[in-house]
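Presented as structure tokens, the chain that follows is alone, the form predicted alone.
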Amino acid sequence: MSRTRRAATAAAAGLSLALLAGCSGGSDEGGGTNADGSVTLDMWVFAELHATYYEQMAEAWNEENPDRTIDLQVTVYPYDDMHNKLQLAVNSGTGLPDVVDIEVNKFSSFVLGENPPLADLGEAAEPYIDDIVQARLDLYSRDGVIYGYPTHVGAFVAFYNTTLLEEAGVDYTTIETWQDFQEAGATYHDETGSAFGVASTGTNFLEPLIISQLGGNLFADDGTVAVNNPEAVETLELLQGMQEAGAISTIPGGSPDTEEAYGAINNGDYAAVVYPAWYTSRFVDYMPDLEGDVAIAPAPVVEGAEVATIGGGGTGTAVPAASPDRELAADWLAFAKLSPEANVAVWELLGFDPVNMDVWQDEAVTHAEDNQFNQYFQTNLFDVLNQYQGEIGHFEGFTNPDWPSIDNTFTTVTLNEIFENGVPAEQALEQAQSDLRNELGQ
């Protein structure tokens, strides 16, 4: 463990992995060649599991590149603290790390203007780029320049508790469209009196998925907010109709990815979750009682969908342009995020769906019997992912600098109005549009 990370981890003692809040001083100056010939690279992250992963990738890099070794110093900060610290460092031009994780909802703030403070990572990506899911590179690119590398695809899939469904006479394999999902959910609810799927109020995930399937966005062509457009209205009316039919219900904690929700799902209070593929790790880590009960399947689609799925959530890892060792940092980062070796580790260590599709074809990895994720689920994640080849879309709204404002409005007001208070979807979206235009001065 690095000196910096050890301090960060000590400061975080007693906090849950979900917070991952280790805070230490770190080395703000960084860089320089050490006595052993290695180059120190300072890295900031906001997730302890990511720190463990990157340290493994530094070791692997050093083994393969003995003439270009690195001494990776990882500091784990709380989420808000790290992004705020990064923004202050960018503004002042001092104290920047050599490498940094930037959460997808924050990324647009660091690629504004003609000269973003992040390095162009295109050249370092070249050895791997043909095998990478393009939509995920697009997420961290602007005007054709790659400024960050993705951690996972986050392709939306469906997780079904088959034990519960079979008891209610519901066959998840017949669910292909959202209409199928609604009918199955209504049947399940009628038979059991329990919740089927999830209506999230604290996270804005299903909405971009369905809007993308409809070929829509939450922004107009000129980049201004347009959350009351026809595709958005159709999406929220579809979800509200599902709720009224008993197919989806609100969940403790506001989304499936909370401690309260893990307990409810683990208790069998919900039978279906449509969420990004990285949610496999949540089942394994937080819902042990469901091992052997859950099948992974393609996410439902709208009739005539323009894309089958999109990526949800994510972290773009970047190299500040001011780093004195940005070329080495970029080369190591490409290896750590895009190479086949790294993407095997992404799956085996983190349980995330890797962005390098070459790994999807390696059954020795994807179908390994001793893999904890393969052992947990009834079906294989990669069998589903391979059905998505060439059909993984990108929600354009994620790259708009005003996306955080929309996300905040939806998750604090709009979705609660629709799913908790029963406000008609179109009315709630009209209000959100008005509030957002006032907030953003549009």
Partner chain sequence: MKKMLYSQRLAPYFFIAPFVITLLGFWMLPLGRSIIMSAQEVLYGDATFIGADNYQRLVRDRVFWKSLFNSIRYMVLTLMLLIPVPMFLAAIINTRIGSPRIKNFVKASLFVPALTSVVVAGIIFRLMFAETGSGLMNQVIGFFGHGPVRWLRQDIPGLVALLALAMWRYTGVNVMYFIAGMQAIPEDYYEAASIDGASKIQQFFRITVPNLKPTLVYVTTISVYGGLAMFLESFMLYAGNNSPNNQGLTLVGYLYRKGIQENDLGFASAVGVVLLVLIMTINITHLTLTGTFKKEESR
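Positions refer to the first chain, counted from 1. Keep in mind that this is a model prediction, so the values were computed, not measured. Whichever C-alpha set is largest while still superposing within 1.5 Å between the two forms counts as the rigid core.
The discussion below concerns the form predicted in complex with the partner chain, not included here.
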Residue-level contact is defined here as any heavy atom of the residue lying within 4.5 Å of the partner chain in the predicted bound form; does residue 379 satisfy this criterion?
no
Just to confirm, residue 106 within 4.5 Å of the partner chain in the predicted bound form by heavy atoms? yes
Does the 4.5 Å heavy atom contact test between residue 250 and the partner chain in the predicted bound form come out positive?
yes
Heavy atoms within 4.5 Å of the partner chain in the predicted bound form: does residue 340 have any? no
Answer key: of 55, 48, 391, 417, within 4.5 Å of the partner chain in the predicted bound form (heavy atoms) is 417
Among 260, 237, 327, 363, just one has a heavy atom within 4.5 Å of the partner chain in the predicted bound form, namely 260
The stretch from 64-72, 39-47, 407-415, 381-389 that lies within 4.5 Å of the partner chain in the predicted bound form, judged by heavy atoms, is 407-415
Across 187-209, the residues having a non-hydrogen atom within 4.5 Å of the partner chain in the predicted bound form turn out to be 201
(Q) Aligning on the core only, does the CA of residue 114 end up 2 angstroms or more away between this form and the one not shown? (A) yes
